[in-house]
Ligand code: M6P
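Next up: a single chain in structure tokens, the form predicted alone.
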Amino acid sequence: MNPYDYPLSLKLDFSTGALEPGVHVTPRRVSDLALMFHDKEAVAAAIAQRDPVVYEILSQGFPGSRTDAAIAISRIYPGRVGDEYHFTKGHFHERDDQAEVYFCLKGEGYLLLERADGEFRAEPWQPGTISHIPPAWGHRVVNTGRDLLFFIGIYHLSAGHSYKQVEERGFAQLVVERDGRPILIPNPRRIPR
């Protein structure tokens, strides 16, 4: 019998976002996001200095015989590349009929949401915010605080992840620092449709 057809419990550390036991950890460095940050000189400088980790994903799928549920904890470190705050890569789902739920546990920032037709939203985030991401909406989380931001994502493995549109066009707006605080500005590199 499939081991995921039996109950399984994981332990989440609410202070660090660590998830145990045995989850897969995927770090994302500035070099992994080089196409997505708008200030290419700042990207090159960050990579040359030490190519810091921007965020990491701790994931666990549950591919049982009757389900393909999954959970991921994303931990975004505080910081900026140029004036743009650290963010997750952002993606659409390969299957555009799949939704996802995010639950912010620590930190502050924004959930950026965008449809393929260009409709855009920026949801302010703080601990306790639960966001339902409907099918066909691309999504990215931005950490605008001075501390670690982490959240739980719950989804189906069959939804898949598509990064191409985000790599090519970015999101309609960027979250940057101005006068010591975050603001949203139009993406200067946005490729018109």
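No experiment lies behind these values; they were computed from the predicted model shown. Residue indices: 1-based, along the sequence shown.
Only in words, not in the display: the form predicted in complex with the named molecule, which the text now covers.
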The one residue among E108, E84, E100, E114 placing a heavy atom within 4.5 Å of the named molecule in the model of the complex is E100
So, in the model of the complex, is G138 in contact with the named molecule at a 4.5 angstroms heavy atom limit? no
Quick one: is H38 in contact with the named molecule in the model of the complex, heavy atoms, 4.5 Å cut-off? no
Within a 4.5 Å heavy atom cut-off, is F151 in contact with the named molecule in the model of the complex? yes
Report whether the minimum heavy atom distance between H161 and the named molecule in the model of the complex is within 4.5 Å. yes
Contact check, 22-39 vs the named molecule in the model of the complex, heavy atom within 4.5 Å, ordered by sequence, gives R28
